[in-house]
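The data below hold one chain only, encoded as structure tokens and taken in the form predicted alone.
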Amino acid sequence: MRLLRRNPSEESIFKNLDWLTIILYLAMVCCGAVSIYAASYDFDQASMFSFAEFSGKQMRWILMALGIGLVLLLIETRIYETYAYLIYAVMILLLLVTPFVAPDIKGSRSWIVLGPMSLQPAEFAKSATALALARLFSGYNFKLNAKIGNYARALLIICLPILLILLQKETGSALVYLALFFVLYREGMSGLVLFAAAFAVTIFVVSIKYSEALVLGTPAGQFWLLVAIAFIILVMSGIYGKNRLEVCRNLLLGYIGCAAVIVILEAWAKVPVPGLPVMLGIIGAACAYLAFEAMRTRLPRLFVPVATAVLSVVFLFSVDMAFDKLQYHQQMRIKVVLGLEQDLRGAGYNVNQSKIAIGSGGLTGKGFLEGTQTKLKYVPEQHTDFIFCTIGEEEGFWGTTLVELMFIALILRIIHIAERQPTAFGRVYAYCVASYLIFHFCVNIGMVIGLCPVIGIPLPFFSYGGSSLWGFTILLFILLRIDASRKRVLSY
């Protein structure tokens, strides 16, 4: 008797779901609800499921999130791809309208009040932006590096919500979208862009942190960054140059000669050397030499280190101006992280109390509902952005490690899902979800332990709030629906 093989397109969508991801999701939202109860517990023996408590309200958000997830799983995958641009356009319009209709809450206008609840459109715009970016990359014969216009279209999709959210004065929510540049890197963007971004952050931090001490009459931060730029020119000329050894040798000999002259003048002749003009002169001479070599050898790639050096120097001297443009509380948060200010009663209060709470938890923690820092409300926003400190105090090192392992497992699982997608749409969307999670996970925990400035980034599935929970639920369940349809795509 001949056995009939069932067509994958006829199988139930729930049979093809990635249940490991769903189990991780359910475990995290349940742990989040328990943590919120612990963070808001006030010695009154209130039930965890009481709607008068934050934990009860969160349970209500969770139940509605599960309903939303179920609805998303029932929608045909082609709907998401077909209407991706329309969904994105609607969310952009909503972001545009939000500052005009949202009330002023702590200086920002990002929450739309709908009767008894408030929602933050920026959280839902994440999934819309991911869908639009995935739709762009799934276009016929679309390749990011094929032409500059493809970069422009991708950057427009990413940057438009950033600008609109900045108008709402929600800097933290806007910065989340920068995580999508990792998706562009996965799809072919040059690693030089990520290097430039990392170096820009380094320039910003070093120039601010070491602005007081002087080296050759120049702020130490600026001087050593100029030295780093000269070194980068040397390395990049070896990467992009045709006669690599010759070019690198000439640059290195020039650097050594300049260093020798500076040492002779400063140490032996006791002649003061102005560090800033000298370093700018060295960098300028190196750039002129590389430009000459580029024209002589007809190798335009040598202009890459030249452009990198010029842009780096321009950015270096614009850092102070950019820092002055930040609001006072933003400046203080950065200074606290860099150790330039203590301000334990102001901008540094939250982080200091959070570190005390986490440190007091030790290896095994004080026990559920036994955290003194938490119960006495020393840490503001401990049920939202600073929920991690509650876990650290009550569950200790092992509890925080378990939470981190759950996040790592979920992120790795999503990356695995991304790599098994048969279409560019599914792959790009999955990497968007992973990028959002990585950014939130790293920055939130970095805020709580004092490694990052406090910018109001919630911990996904753990922090209290319907908008964050719904936003990440939508992101995740759309991905699960796309992944569940991959066998149908392969069967066509």
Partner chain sequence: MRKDYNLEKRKFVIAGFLLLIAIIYGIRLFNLQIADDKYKQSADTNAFLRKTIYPSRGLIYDRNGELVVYNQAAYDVMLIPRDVEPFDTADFCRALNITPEDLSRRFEDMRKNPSYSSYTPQRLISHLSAEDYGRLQERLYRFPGFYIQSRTLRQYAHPTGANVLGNIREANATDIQNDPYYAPGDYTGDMGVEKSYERHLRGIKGVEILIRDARGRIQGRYDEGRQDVPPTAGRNLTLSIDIRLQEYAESLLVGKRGAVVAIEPSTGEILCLATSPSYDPRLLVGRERGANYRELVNRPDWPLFDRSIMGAYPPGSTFKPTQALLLLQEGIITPETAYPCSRGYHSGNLTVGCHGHGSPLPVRPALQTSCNAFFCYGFKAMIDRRGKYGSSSNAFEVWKNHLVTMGYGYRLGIDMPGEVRGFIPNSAFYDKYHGPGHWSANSIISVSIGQGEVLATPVQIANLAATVANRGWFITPHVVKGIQDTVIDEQYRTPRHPDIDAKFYDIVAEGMRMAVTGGTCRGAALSGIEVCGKTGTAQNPHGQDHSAFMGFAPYHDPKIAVCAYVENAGFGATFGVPIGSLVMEKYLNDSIAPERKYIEARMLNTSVYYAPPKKKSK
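A quick note: this is a predicted structure, and the numbers were derived from the prediction, not measured. Residue numbers count along the first chain shown, from 1.
Heads up, the form predicted in complex with the partner chain isn't pictured, but that's what we're talking about next.
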Next on the checklist: in the model of the complex, does each of Phe182, Tyr431 and Ile449 have a heavy atom within 4.5 Å of the partner chain?
Outcome noted: yes
Next on the checklist: Just to be sure I understand the contacts: of Ala38, Ile457, Ile445, Ala65, which is the one whose heavy atoms reach within 4.5 angstroms of the partner chain in the model of the complex?
Outcome noted: Ile445
Item to check | Single option in Met189, Leu73, Val90, Cys159 placed near the partner chain in the model of the complex, where near means a heavy atom within 4.5 Å | outcome: Met189
Checklist entry - Though only this chain appears here, would Cys248 touch the partner chain in the model of the complex if you measure heavy atom gaps against 4.5 Å? => result no
Checklist entry - Can you check whether Leu363 is within 4.5 Å of the partner chain in the model of the complex, heavy atom basis? => result yes
Checklist entry - Looking in the model of the complex, any heavy atom of Phe441 within 4.5 Å of the partner chain? => result yes
Checklist entry - Can any non-hydrogen atom of Phe315 be found within 4.5 angstroms of the partner chain in the model of the complex? => result no
Checklist entry - Where, among 407-415, 264-272, 228-236, 306-314, do residues come within 4.5 Å of the partner chain in the model of the complex by heavy atom distance? => result 407-415
Checklist entry - Does anything in 368-388 come within 4.5 Å of the partner chain in the model of the complex by heavy atoms, and if so which residues, in order? => result Thr372, Gln373, Leu376, Lys377, Tyr378, Phe388
